[in-house]
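So this first bit is one chain, no partners, the form predicted on its own, shown in C-alpha cells.
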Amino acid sequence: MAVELDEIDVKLLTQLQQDADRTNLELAELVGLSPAATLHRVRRLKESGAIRIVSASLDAAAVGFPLTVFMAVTTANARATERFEREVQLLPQVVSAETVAGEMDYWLTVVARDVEDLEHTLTRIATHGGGRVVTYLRLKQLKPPTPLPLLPSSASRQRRRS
C-alpha cells in the first residue's frame, strides 16, 4: 500500500531524489520547516519505507566498468529458477535484477571491466539455471534514471478519478 504523502513530504522526497547528500539544514530551508521538523519527517519517511536507502550514484565507466550489458534470461523449470536466483545474488557484476512478465523471466543489468569479465559472468549465468540468455550491449544512456513524478496523496487520488 502506498504511503500517504502531503505537499511537504513530496518536496522533501523530490529534493532527496535530486541530491541525497543534502544536509538536514539545507532540506529544512528548501521545504520551509525547522531542522527538527525536517529530521522528524525524513525519519518517518524512512520508517514507512518510502525512503528505502540513501546511496551515491556512481558513473560505472569512471570507476572501471566501461561495459554495461542488459540480459534477458529465461529459466527452464523451478529447479533451474532456484539455482539462477541464488547465482544472481552471488554475482557482484549483476547490479540490478528484475523478475518480469512476458517473453522472458528476468531482466538483468550487468557491468564488466572488459570482455573477459563479461564472458565469465555470462558463463556463470548460463551454467546456473539460465536456460536462454540474450544480451544487449548498452551503447549510450539515452535518459538516466530520473526522480519519481511525486504528487501529494490527495492530488494523486483526484488525478486517478478524472
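So that there is no doubt, residue numbering starts at 1 and follows the sequence shown. Computed from a predicted structure; not experimentally measured.
This next part talks about the form predicted together with the DNA, which is not shown.
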For this session: Identify, from the list L148, L25, L139, L142, the residue with a heavy atom within 4.5 Å of the DNA in the model of the complex.
Result: L25
Problem set entry | Proximity to the DNA in the model of the complex, single hit among A61, A36, A101, A56 (heavy atom within 4.5 Å) | A36
Seminar exercise, completed: With a 4.5 Å heavy atom cut-off to the DNA in the model of the complex, the contacting stretch among 41-49, 101-109, 115-123, 61-69 is 41-49
